[in-house]
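Let's start with one chain on its own, the form predicted alone, as structure tokens.
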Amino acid sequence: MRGRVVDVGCGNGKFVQRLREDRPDLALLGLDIAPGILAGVPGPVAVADATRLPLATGSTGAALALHMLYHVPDIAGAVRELSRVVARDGLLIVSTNSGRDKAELDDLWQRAAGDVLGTGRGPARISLSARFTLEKAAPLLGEEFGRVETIGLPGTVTVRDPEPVIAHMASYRAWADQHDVPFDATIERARTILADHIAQHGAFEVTCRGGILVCRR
């Protein structure tokens, strides 16, 4: 039990693989709700819903929930289930983004959309991670775990060419369509704003604000 680590929502298994390399003494299990993504993950793995884990109560020494809880429809239910399977002296490690993560990208989008719409600033984009931000996470996790330590992991991405940012913004299309924001025109306006900014300042900087939460009883 002490040596068992469960990665809940393991995705493509990059954390499972890293642990296998660094800690071969651990018994690792990868779980994800999507069967297809598990195909390339080194076993053992299993398909599982985060709110109904196929594990006995108190059966794991540590659980990982890394950048995945904001995908779960019932976040509080998933936290309760993680608490159930983690041993009394075990721990849960969670990661997510701050509500202010990559604010420069949101500002750029609003400026570009506002220019296209003629409204000054366009509608604010609501990201999926807003459901479970670093600021919201600690109180929610604290309902099940007596000690929750938040460790910020800030960083800066420096971009000297607009295209990587524009490529990232391609993921905004579905959101733009839902809010009647002309996507292609907004993208082109964002490209122009970025090019002008980089020409003037030499680079465009994006501030990353994420972190991990270490949860114990």
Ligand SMILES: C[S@@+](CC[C@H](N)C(=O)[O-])C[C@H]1O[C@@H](n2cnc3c(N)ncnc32)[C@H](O)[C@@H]1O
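All values derive from a computational prediction rather than experimental measurement. Think of the rigid core as the biggest set of C-alphas that the two forms share within 1.5 Å after superposition. Note that residue numbering follows the sequence shown and begins at 1.
Below: the form predicted in complex with the ligand, not depicted.
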34, 37 and 50 - do all three of these have some heavy atom no more than 4.5 Å from the ligand in the model of the complex? yes
Among 190, 68, 181, 28, just one has a heavy atom within 4.5 Å of the ligand in the model of the complex, namely 68
Can you work out whether residue 14 and the ligand are in contact in the model of the complex, taking contact to mean some heavy atom pair no more than 4.5 Å apart? yes
Mark residue 112 yes when one of its heavy atoms lies within 4.5 Å of a heavy atom of the ligand in the model of the complex, and no otherwise. no
Residue 91: touches the ligand in the model of the complex, heavy atom cutoff 4.5 angstroms: no
Check whether residue 72 has any heavy atom within 4.5 Å of a heavy atom of the ligand in the model of the complex, and answer yes or no. yes
Could you tell me which of 41-49, 54-62, 146-154, 163-171 sits within 4.5 Å of the ligand in the model of the complex, going by non-hydrogen atoms? 41-49
Tell me whether residue 70 is among the residues that move between this form and the one not shown (Cα shift of 2 angstroms or more, core superposed). no
Large Cα move at residue 171 between this form and the one not shown, threshold 2 Å, rigid core: yes
